[in-house]
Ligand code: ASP
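We begin with a single chain expressed as structure tokens, specifically the form predicted on its own.
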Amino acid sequence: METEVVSELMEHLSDKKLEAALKVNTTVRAAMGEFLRDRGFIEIPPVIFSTVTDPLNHPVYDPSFEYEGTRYALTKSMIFHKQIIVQKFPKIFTFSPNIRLEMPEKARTGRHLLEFTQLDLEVKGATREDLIKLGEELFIHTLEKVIEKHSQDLHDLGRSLSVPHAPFKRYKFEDAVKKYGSEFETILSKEAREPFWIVDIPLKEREFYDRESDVSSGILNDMDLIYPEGYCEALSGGEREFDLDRIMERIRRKGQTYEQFKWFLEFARGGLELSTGFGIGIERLVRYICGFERIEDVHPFPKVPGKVSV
């Protein structure tokens, strides 16, 4: 098995597609960092493991360990760390390595990795509308930079990209479900020629930390950006719950325990202000830009669900 895995890896590392993807990856990270720094964002280091991490809203294996009597988890996302630090530094971002040990069937999607990097950002005092505008500007800026620097690479890949026009189209989650059914995201993505937003996401579809609307019970002030051409989710984010009583109520409603999030709750007791943020997967963005069928083609050492990896 080891010989087969190593042989497959060496073939992958020699693939010209990977070379192009890594060049695009370099430009994507530089363009995003440049865009955010120019707008007053501070880059913070990533958190690799912690006493608290994202509970997620779907089943994954739990990558945790004990050290000196304390239980730690590998970072699924930096959602809680973002909400804590943004109280002191109002505009932050990080390139955060995330570990999500997905079930093996996720390999079928072509867009899931067990280990990936997210550009994760948060803004204190911002609303969903503010972050939608920021997300559109960031996406457009990044595409423009890639097209400017990598026209030959994209040509060699047979990939034709155009820069979308803001504002992007929006669909309300429940309206999309009624019209297209539970697979609405895939259907709409395949039909679309430009990215679009899914907004007003029901509480049951998300984790406890996203903010419930003040006017629509059970609806969150959330947004997902969806790629066109069937590439599906690009970005996910929303406003955060900041009132301690509402946070604790949401934990109860999700069937979770205060013990799971005691470290975050201790910070929340000191007072939180409204913040809004999002995360965008770098590998998924590079896959979309390059026009690849499978996400593992963009990473030199991809960790595919259900597969032995180096």
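Note that this is a predicted model, so its numbers are computed, not measured. Start at 1 and count along the sequence shown; that's the residue number.
Below: the form predicted in complex with ligand ASP, not depicted.
Within this chain, S77 lines the site of ligand ASP in the predicted complex, having a heavy atom no more than 4.5 Å away. By the criterion of a heavy atom within 4.5 Å, G237 is counted among the residues contacting ligand ASP in the predicted complex. At the 4.5 Å threshold, heavy atoms of F264 stay clear of ligand ASP in the predicted complex, well away from it. Contact between K82 and ligand ASP in the predicted complex is found at the 4.5 Å heavy atom cutoff. Judged by heavy atoms within 4.5 Å of ligand ASP in the predicted complex, the contact stretch among the candidates 26-34, 247-255, 58-66, 276-284 is 276-284. Checked against ligand ASP in the predicted complex, the candidates K91, R100, K145, K106 yield a single residue with a heavy atom inside 4.5 Å, and that residue is R100. Counting a residue when any of its non-hydrogen atoms is within 4.5 Å of ligand ASP in the predicted complex, the one hit in 119-138 is D120.
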